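First come two forms of one protein chain, each written alone as structure tokens, so that there is a structure 1 and a structure 2.
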Structure 1
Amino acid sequence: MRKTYITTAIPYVNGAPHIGHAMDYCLADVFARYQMLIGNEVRFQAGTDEHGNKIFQKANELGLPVEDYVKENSDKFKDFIHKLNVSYTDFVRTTDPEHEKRCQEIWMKLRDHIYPAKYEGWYCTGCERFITEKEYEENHGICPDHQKPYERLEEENYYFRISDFKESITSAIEAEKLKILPEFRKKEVLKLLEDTPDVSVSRPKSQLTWGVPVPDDENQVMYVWIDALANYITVLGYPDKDISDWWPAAAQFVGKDILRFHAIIWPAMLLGLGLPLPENLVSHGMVLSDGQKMSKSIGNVIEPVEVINKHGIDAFRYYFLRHIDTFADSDFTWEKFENAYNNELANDLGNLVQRLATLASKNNIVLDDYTLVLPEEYRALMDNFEFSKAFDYAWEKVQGINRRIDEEKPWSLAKEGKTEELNACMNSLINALLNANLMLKPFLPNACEKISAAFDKTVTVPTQPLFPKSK
């Protein structure tokens, strides 16, 4: 048994969750459930990123005390994670006093790599990010993600000497000691690393009040990303506790838009602290709405609760984990969602369960003892974070069982009184279903539990179809 630590990006709380936020949680949850399935012990972090000007300004606009505002939105994210049926174990808020105190301790430990200097350049409030001249020119002064002009800054900051760690990070990534997935993102990161200057890691208090104070300079506040990235270890108790049981993380899940922070600043922080690098950094694509990134600032957000309420959480997870590619950007449309639900979930799986349970119960089939195993091909895909492909693999098995029923026609065997053959045929089909069900467990935990229950020793026909067809 291995101790496996899994993390998700902590969202900003300048609004409620949208369906794009589900990606981190769903992917990490599939990995967590898979790890548990193969016998590993899992610790799974989630949380909220609550500092920064964007959030502070939003609370001000709404006339709310910022503490109340962040609490309210943090609760919405927590609620969302529960609705998604995500098996997290730890929840961290960056405004937790414990987190803030640990962040300051981390800062002091990194002090040798931090120096004061003047920053003169561009900044994107949407990304909470310093922008290089090259990027400014490439994007013609406008952030492509937030569609807002970059701001000009001139201020005294502390800088983090990334150059102290560049070589070590590059060789760790190249040697896959820190594995970046998918492969093409790894190449992007290595290219980016070559040009990465030292990064600014604080802002004057006059510019940023809502953040963790720099411990030995009352005029400076930590840059939000330092505070945010630290969450992955402060939640484990670092530096007060020994975290070596859980750290390094087996997998950290982030969107491609924030990979640069996780592949450059974060490893530099870890190396500065003398901590090992995470094993896998998995960066997923974006869920798009009409071909555009879904974002609060753009205003094209699809309400996740609406999608969950339509057909339940397993339908939501089905769509997100199979039809939204794990790594590439994919569009969410209601039409595709409805099709996937009716034609695949309800037809392929829902009907199969109903059909087999009804046939077995009508004919008093006695179930054999089945051996459930995860096939090598499936395990290889799951181990490589190719979740949508692993899901496809399991689904092909489901479709294969449907084809077999049509070919082997157990109802004819029943009619002809071929009891022994019928028994063998039904047991073989149910065995195949339960093996497919095992592979589906990380993806559709609710439905799979019902399927296991329906064929547990004796057969119970579900009173309600698993996935009632929509009208």
Structure 2
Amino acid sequence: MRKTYITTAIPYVNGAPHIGHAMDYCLADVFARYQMLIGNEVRFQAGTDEHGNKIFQKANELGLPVEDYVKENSDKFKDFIHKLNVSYTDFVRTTDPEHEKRCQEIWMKLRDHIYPAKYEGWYCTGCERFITEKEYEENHGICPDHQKPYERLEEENYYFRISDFKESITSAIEAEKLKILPEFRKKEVLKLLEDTPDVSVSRPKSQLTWGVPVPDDENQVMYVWIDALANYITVLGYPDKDISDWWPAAAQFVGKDILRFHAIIWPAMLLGLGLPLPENLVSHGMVLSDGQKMSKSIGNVIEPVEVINKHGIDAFRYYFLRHIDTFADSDFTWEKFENAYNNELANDLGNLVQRLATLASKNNIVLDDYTLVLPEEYRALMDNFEFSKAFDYAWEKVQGINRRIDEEKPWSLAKEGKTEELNACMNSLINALLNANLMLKPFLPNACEKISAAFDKTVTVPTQPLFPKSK
């Protein structure tokens, strides 16, 4: 048995949970459930990023104490994660006193790589980060995400010397001691690493009031990197506790938009602390809406809770884990979703369970002791984070069982009174279903639990369809 630590990126709590957050959580949850399925012990982190000016300003606009505002929004994310049926074990808030104290201790451990310097350059308020001259020129002076001009700032900050670690990070990525998935993202990171400057890790308190104070400097507050990225180890107890049972993380799941920070700044921090790098950085793509990037101004934003409320969590997880590629940008439309739900989930799996349970019950089939095995092909896909392909592999087994029922016609065996042949046929079909069900458990935990219960020692015919079809 292996101890396996899995992390998700912590969302900024000035907005509602969106589909990108759902992908982080669901992909990490699939890997966590798979690890438990093969007998490993899992710790699974989630949390919320709660410092920064945008948070402070939003709380003021709403007339709320900032502490109340961040708790209220953190609770929304907890509720959202619960709706997704995600099995996290640890939840960290960056306003937790223990996290703040540990961040200050981490700062002190990194201080040989931190230096004060004056900065004059471009800053994006929406992103809460400094922009290089190259980015400024490429974006023509306007942030592509927030559609607002960059601001010119001049201030004195502390900088973290990324240059101390560039060579080591490059070597680790090239040797896959830090594996970046998918492969094409690895090449992007190596290219970005060449031009990455030292990064600002503080702001003057006059500019940033809501954050972790810099140790030994009452005029500076920690900037996002050390505060937010450190959560992955502070939640384990670092530096107060020995975290070697769980660190390095087996997998850290992030959206492609924040991969550069996790693949460059985070490894530099870990190397500065003398800690090993995570084994895998898994970067997922974007969910498009009818072929376009989701945008409130366009009005094409897909609300995850709306999808869940319409057909339930298994339907949500089915579409977004099978039809949304694990690594590439993929498309959602309601038409595609309804088609996948009715013709695949409800028809292929839901009807299959109902047919087999009804046939077995009607003909008093005595269930065998079944042998459940995860095929090597499936395990290889899951071990390599090819979740959508692993889901396809399991679904092919489901479709194969449907074909077998039509070919072997167990109802004909029943009519002909061939009891022994019928029993053997039905047990073989149910055994195949339960093996497919085992592979589907990380993806559709609710439905798979019901399927297991329907064929547990005696057959129980479901009184309601697993997936009622849309009208």
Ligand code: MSP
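Residue numbering: sequential along structure 1, first residue numbered 1. What we label the rigid core is the largest C-alpha set whose atoms superpose within 1.5 Å from one form to the other. What you see is a predicted model; the values in this text were computed from it and never measured.
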property: Of structures 1 and 2, the one that is the form predicted in complex with this ligand; result: 1
property: Threshold 2 Å Cα movement between structure 1 and structure 2 at Gln147, rigid core reference; result: yes
